[in-house]
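First comes one chain, alone, set out as structure tokens in the form predicted alone.
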């Protein structure tokens, strides 16, 4: 006999509707492979009178506007939160946990902002909080960090974890589009929101990285702890110069233990030059990937669809199955994973190689002036490229540096920008060699 499992769902938007459809399609297969007969008993929505997609079958499901109808229903085994946003979603998650219901959520914003309260509620009430779908959609990275690599010590993680920015940069790289044209195409295809700021400024990736880093380093990190830069200032010419140097530009999320500094990690989301031969450089369009470095297992990469209705719904349903398999009379052995106390490196103390582009007057002595400023701040030039002399007007100079601190390059650029031969503010981008 199959074991019945009743779900109470908060939210019936894009992902919620996908979960309803996917469960109806996969119910028999799940029952045959797991012995669980999973069904949705109730759905809490803002507007109970809203017209739903006619193709979405809600027969036998109670639609309610009262969240307590799910939280307090003793016959509901698992609560699924797909409302989005920090509040009231966080409140619903915590109340469900307090009523001894395991919770499945895809809500990265709530976890990034209210993770302490949520995980404390789960731990103190002996129930689980499952959030595979909150980061990178269908890629099973959360359970990998929680279970598969629990025996290892994560040294670094690098990710392309925002599909919108990756699509834009892919089009700039391979179709020679400028940023604005690539963004418009992404919006037309539904890969970017009408207001793309949350994605292109790096905030979405920062929220996801805070969750991944918290799990990877067993310490609580929030979005505000991540040094964040977006891609809106990237020009097609930067893409082209990077290509000539053997790199591609990606919005790279990185979390790594700081060399020579005990108990300290660096957290950053920024447009970054990565070598063409690295696996992450081949992650194109809206796809996502996470590249992990373990002390004992070495390098691993996880790749797939990072968003979308059905990929995300599939990750949610996988968590529902996992939660249901742990429904017992005994308390769930859930431990708050964020009990460590790692320090966060000051972003200006981070050490990297850098790409530097300056637009300067085409006259003798310009390079010497720039090199002199860099030398004053201890910045050593690794390579130098200058466009051929033009008929008139300024020309670009492109430099790469040896390893230097962010503080040194920041101070040097401030002085370079003040030179009378420099006609535009210099552009600097980090180079990640994964060494």
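Numbering follows the first chain given and starts at 1. Keep in mind that what you see is a predicted model, and the values were worked out from it rather than measured.
There is another form of the same protein, the form predicted together with a further copy of the same chain; it is not shown, and what comes next is about it.
Shown alone here, residue 31 lies within 4.5 Å of a further copy of the same chain in the predicted bound form, counting heavy atoms only. Residue contact with a further copy of the same chain in the predicted bound form: residue 189 places no heavy atom within 4.5 Å of it. Residue 218 belongs to the set of residues with a heavy atom inside 4.5 Å of a further copy of the same chain in the predicted bound form. In the predicted bound form, no heavy atom of residue 407 sits within 4.5 Å of a further copy of the same chain. Though a further copy of the same chain is absent from this view, in the predicted bound form it lies within 4.5 Å of a heavy atom of just one residue from 344, 301, 201, 258, which is 301. Shown without its partner, this chain lists 125, 90, 228, 318 as candidates; in the predicted bound form, only 318 has a non-hydrogen atom within 4.5 angstroms of a further copy of the same chain. Taken together, the three residues 17, 49 and 185 lack any non-hydrogen atom within 4.5 angstroms of a further copy of the same chain in the predicted bound form. Only one segment in the set 105-113, 264-272, 139-147, 160-168 has residues whose heavy atoms sit within 4.5 Å of a further copy of the same chain in the predicted bound form; it is 139-147. The partner is not shown here, but in the predicted bound form the stretch 17-31 reaches within 4.5 angstroms of a further copy of the same chain through a heavy atom at 22, 25, 26, 30, 31.
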